[in-house]
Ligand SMILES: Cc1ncc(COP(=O)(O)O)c(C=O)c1O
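For reference, the chain that follows is the form predicted on its own, supplied as C-alpha cells.
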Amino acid sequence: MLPNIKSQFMLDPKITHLNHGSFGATPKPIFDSLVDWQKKLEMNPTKHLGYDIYDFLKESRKSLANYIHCDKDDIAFMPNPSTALNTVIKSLDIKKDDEILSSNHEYGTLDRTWNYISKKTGSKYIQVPVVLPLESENDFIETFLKHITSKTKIIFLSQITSSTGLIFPIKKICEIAKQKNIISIIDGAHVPGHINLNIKKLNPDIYTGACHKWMCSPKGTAFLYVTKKLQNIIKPLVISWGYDSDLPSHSQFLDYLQWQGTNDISSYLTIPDTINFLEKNNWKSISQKCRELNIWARDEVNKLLKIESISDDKFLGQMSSIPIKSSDILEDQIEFYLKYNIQIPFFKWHEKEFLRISIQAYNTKEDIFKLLEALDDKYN
C-alpha cells in the first residue's frame, strides 16, 4: 500500500501475506526495540529484573493507557488474550445455574474455557445465534436482549470476531449490562491498532486486547483491563511473589499479575516505541485505507465466487470472512501456500467453510489480484 511502510516489515517477499489477523507482523523499528530491551536486560539482569522491572512496566503501561484511554493502574500486561481471560474467568465466583451470555461467533479457545468452567460449576454458557448476513445493529442488540434473564451473570463478547471478522456494537451491550448489573467481559484481541479503542467511553467491566496483532508489537504482547471495583477479586493463574507480597504496592491487582519471575518482559517494554511508530506513520489513516482495500477485496472475491457478503460494510474493518466450498480446509490452506504462495487461513465455522482476508499496511491490490487468480484457478 505504502512502499516506505511495506519495506519496514520483514515478511518473506516471495509469499503473499493475507493472514495478519492470526499472528500479526512486526516492523523493523519495533523489532529492533525488542532486541534492544533484551540486550539491556541481559547486561544487568539482577538490577533490571530484580529492582527496575516495576518502573519499566509502569512507563509502558502509561504509554498504552494513553493510547487506549484508561488508567495505567487498571491494566496489566499478558502474553495473549486467552491467558488474560483465563485469569479472569477462573477468578470469578460463578455458581450453579449462573448464565454466561455470549454469541456463536466467539474464539474457539474461549468457548472451550467457558465450557470447562460450566462443567466445573454447573453454570450455563449460552451462545446466542447471530444470523448472517449481519445488517442491523438494532437486530443484533434486540436478539441479545431477548436472551437476558434473571440468571444472566456475565455477558462475554468479542468486539471484533476472529472467525467472521465482524465488528459488534459493544458499547450499547456494555451499557445494557451496567443497567442490569451484569458483568461485561469483552474480548478485544483484534481491536488495538485496528479500530479506535476508548475504554473510558466503552466502559466495560473487563477488557483484553492483543498488541501483537494490529498494533504490530512483538509476539506475546497483550493486556488485561479490569475496572477498579472488580480488581480485588482477580487472582493470578500462577502464584508468585506478588501474591500476599512482602512489599505490597498501592495495587493488589498489579502485585498479583505483574511479577512472573524470569518471564521475558522485553516485548511489553516495546509499547512506547510501538505507539511512536504508529503515530509517526499516521496509522489511523493507514487503517482506513486498509479497510477500504479490504471491502474492495471482499467484493471482488464475492463477485468471482458468485456469493453474497455475510455483513453490511459498517460491520467490517481490515478483515473479511468469505464463505467457500471445501472438502478439506487444511488441505486447501496448504495448497494455497505451496501452489500459489499465498498465506491465507481456511477454517470451519458452524459446519460452514470460510477463508478470511486480512489487510495490513504491507498489502496492495496486487496481492488481491494474486488471490483472485488462485481462487479462479481452483473454483472456476
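Heads up: residue numbers just count along the shown sequence, starting at 1. Just so we're clear, the structure is a prediction, and the values are computed from it rather than from any experiment.
Not on display, but discussed next: the form predicted in complex with the ligand.
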query: Contact residue in the model of the complex, from 204, 218, 242, 81 (heavy atom within 4.5 Å of the ligand); finding: 81
query: Selected contact from 257, 269, 155, 160, since only one has a non-hydrogen atom within 4.5 angstroms of the ligand in the model of the complex; finding: 160
query: Residue 75, heavy atom within 4.5 angstroms of the ligand in the model of the complex; finding: no
query: Residue 194 within 4.5 Å of the ligand in the model of the complex, heavy atoms; finding: no
query: Partner contact for residue 110 in the model of the complex: the ligand, 4.5 angstroms, heavy atom; finding: yes
query: In the model of the complex, residue 166 touching the ligand (heavy atom, 4.5 Å); finding: no
query: Proximity to the ligand in the model of the complex (heavy atom, within 4.5 Å), stretch among 276-284, 297-305, 120-128, 181-189; finding: 181-189
query: Within 4.5 Å of the ligand in the model of the complex: residues from 201-218 (heavy atom criterion); finding: 212, 213
